[in-house]
Ligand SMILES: Nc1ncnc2c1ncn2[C@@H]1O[C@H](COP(=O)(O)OP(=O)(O)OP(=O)(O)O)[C@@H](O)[C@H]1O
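This document opens with one chain alone, in structure tokens, the form predicted alone.
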Amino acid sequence: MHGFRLDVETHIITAAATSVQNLTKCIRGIGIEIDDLILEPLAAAEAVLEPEERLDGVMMADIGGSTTDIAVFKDNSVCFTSVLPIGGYQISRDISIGLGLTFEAAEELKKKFGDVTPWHGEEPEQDRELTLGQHNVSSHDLSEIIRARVEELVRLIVMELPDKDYAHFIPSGLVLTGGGANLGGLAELSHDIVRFPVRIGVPPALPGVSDALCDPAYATSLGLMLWRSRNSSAQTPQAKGGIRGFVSPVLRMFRQ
């Protein structure tokens, strides 16, 4: 074919060189070599998104400790990324301040009893006393504190979308993953807020990997393994062995 002009639409992600250099220096300092650098939400997406979702249009949000990382996929390509400076830390801090607890107790309380299941008023909400060590708190008070922050976070996630025609732009809806996605009732509450499909992204079982890691909190970790297996062009023994060849040395490292 003959032509005079070639156009391309691309999504470019940049990072501060100093931050990248400091990170790679720390990792190499503990004896681990780096093959590649991958944006966190792209790695998590490898573990929790279905091929059909990537093709039709889907938004993924990884709720981490201090940030929520967002990626939007359309036509099997990433078309938008963003990072919100809000995560599980802010939820635990709200609990700590609201209930007068230490941050460590608030974090444990959130992980053990955190629930944001929406209440639609059909019947009175059951309030019960939760006990954690020497602390006794109301389940209603805990849920209200968490729910307020989660509602804010979900709205901020959706506001990041570059196209407000949700039904057309992301027909597959929103996938929530990361450690913060383990809150009970999160998918139901999010659906009530955004009014389009919402599900929790759980990594699949992988050969040679414990089923205990099939948890949203490990989406990025397992996604890195899958990325390495699917996208590596280096013909190392690990690459030739696929995911099993890569996972085995990683597991040996953790056993040490």
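Just so you know, these numbers come straight off a predicted model, no measurement behind them. Numbering starts at 1 and follows the sequence shown.
From this point on, the text means the form predicted in complex with this ligand, which you will not see here.
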| property | result |
| --- | --- |
| All of Glu40, Ile63 and Gly178 with a heavy atom within 4.5 Å of this ligand in the model of the complex | yes |
| Residue among Leu49, Leu224, Ile200, Ala217 with a heavy atom within 4.5 Å of this ligand in the model of the complex | Ala217 |
| Candidate from Ile145, Leu174, Leu183, Val137 lying within 4.5 Å of this ligand in the model of the complex - any heavy atom | Leu183 |
| Proximity of Lys111 to this ligand in the model of the complex, heavy atoms at 4.5 Å | yes |
| Contact of Glu160 with this ligand in the model of the complex (heavy atom, 4.5 Å) | no |
| Distance check, Ser229 to this ligand in the model of the complex, heavy atom within 4.5 Å | no |
| Contact label in the model of the complex: Asp94 to this ligand, heavy atom within 4.5 Å | no |
| Stretch in contact, per heavy atom within 4.5 angstroms of this ligand in the model of the complex, of 147-155, 163-171, 71-79, 86-94 | 86-94 |
| In the model of the complex: members of 191-215 within 4.5 Å of this ligand, any heavy atom | none |
